[in-house]
Each structure stands twice: as C-alpha cells, then as structure tokens.
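Before any questions on binding or motion, here is one chain by itself as structure tokens, the form predicted on its own.
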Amino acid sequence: MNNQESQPIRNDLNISGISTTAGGVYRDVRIDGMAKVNGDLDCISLRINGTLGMKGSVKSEEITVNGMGTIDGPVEAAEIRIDGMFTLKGGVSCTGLDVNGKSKIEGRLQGDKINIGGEVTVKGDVQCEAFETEGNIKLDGLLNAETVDIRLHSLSTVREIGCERIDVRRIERGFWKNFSLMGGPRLKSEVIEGDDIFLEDTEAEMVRGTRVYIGRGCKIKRVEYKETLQTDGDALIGQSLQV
C-alpha cells in the first residue's frame, strides 16, 4: 500500500441551517448556521461564521472564527484566527494565534507566535516564542516566552511572566488616551523576570532582571537586578537590590 492509498478520503462538510452531526475526517468544514458536533473533528480547514457547539477535539491546519461557539476538547492547529466570540475548554497547541475578537481558553496555550488585539482570558499557562498584545489580557497562569511586547490602553493582568525580553508601554491615543471603559492603561503582575526589562504603568510585587528600566506610572514593591537599574522620576519602588 503506497502513501496516497493510505490517506483517508476527505470530503467537505458545509452546514448552513440547524444541524447535529458526528465528527469525522474532512477536507474543508464550514459552519454558516447553528451546528452541534458530537465527536472529534480532523480537517484541513475549519471556518465558523455561525454558531458551533462541539463535544470533542479538533485537529486542523487552519481555524477561522467569525461567529461564536464552544469547543470542549483540545485543539491542535497550525494557524488560528478568532474575530468572533469563542470558548476553548481544552488545551490549545498551534503555530500562530491571532485574536481580534473575544476568546476564553480554559486549558494551556502553546504556540510559536501569539498576537492579541482583542480580549483574551487564559486559565492555564501560556508558552510561546513571541507574545504581542495591544488588547486586553487576563492570564491566570505563567506567561513563558522569549519576547513579550505589551501595549497598554486598559487594565491587563498576568500572574507571572518569565522571558528573555519584555517591553511594556502605554499606547498614546491623543485626547482619548486616558479614557477607557476598562480602566486606565495598567499591567498588574505578581512576578516579572527576564534579562532585559522595560516597564511603564506596571504594578508588581517583584521585578527581577539583568538590565532593568522602571518607567513612568510603575509601582514595584521590590526590584532585583544584576547589571543596571534605571528609573523614571514618576516611578515608585519600595526596595531595590543589586544581586
């Protein structure tokens, strides 16, 4: 048996009305109506424009969400883009994740590049190479990344950050820069640890790094640094120590 013969036959699945179906192996899956899927789904692409309630796992090369819904099982994909409202109750493993809508991930999130422009809550740990956000994030676990870039225009919280480089800056938006329905621009964290650290508008119990800059609007209880510590005159630091 050659490799071509061993590949499963993949048909397309299109749901435009109200339908309940089992999972299966497909090429392209498109949800334009209201769909319930009871089982695991293995496909090349999954596009959700309507509403999906899924009891099972998803394995796909590409997932695009413009509608809303829930997936109960773990999700494994190359690229995931969420422009609608979606809840992922299992862990998520992907190459790239872009969220411009609203998403809740109840398990662990693992990827190469994560870009958040909307609103995201993650209950588990986040592991990636590059984490970038101009949105609103609430990460209850550890954010572990090589680089972290956070642009603040509202309140974001991350329990603990460990990285090589972190850059947190306030977004300047002219007259409206100090107004937001979700509060002023601020990052709250218990521990921030990295080699190169640049912070603005950040509240933390502990900041520990090699080269550290504590900028405007920061309130840090304790700073530990190896090589350099620079501070803005507007920053409040309880205790600093070179170690």
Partner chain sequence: MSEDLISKKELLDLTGISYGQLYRWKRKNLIPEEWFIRKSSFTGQETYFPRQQILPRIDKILNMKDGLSLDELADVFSPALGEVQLDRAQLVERNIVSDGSLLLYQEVHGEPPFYNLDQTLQLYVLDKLLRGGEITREEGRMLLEVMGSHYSRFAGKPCELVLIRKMGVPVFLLIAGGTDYFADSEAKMVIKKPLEHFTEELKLLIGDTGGRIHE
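Residue numbers count along the first chain shown, from 1. Everything numeric here is computed off the predicted structure, so don't read it as measured data.
Quick note: we don't show the form predicted together with the partner chain, though the next part is all about it.
Taking the partner from the other structure, the partner chain in the predicted bound form has no heavy atom within 4.5 Å of any heavy atom of R10.
Residue contact with the partner chain in the predicted bound form: G118 places no heavy atom within 4.5 Å of it. Within 4.5 Å of some heavy atom of the partner chain in the predicted bound form lies at least one heavy atom of L142. At a distance threshold of 4.5 angstroms between non-hydrogen atoms, M34 is out of contact with the partner chain in the predicted bound form.
Checked against the partner chain in the predicted bound form, the residues D40, E193, E203, E62 give one hit for a heavy atom within 4.5 Å, which is E193.
Note on the interface: of 43-51, 26-34, 206-214, 66-74, the segment with non-hydrogen atoms within 4.5 angstroms of the partner chain in the predicted bound form is 206-214. For the partner-free chain shown, D125, Q127, C128, E129 of 116-130 come within 4.5 angstroms of the partner chain in the predicted bound form, judged by any non-hydrogen atom.
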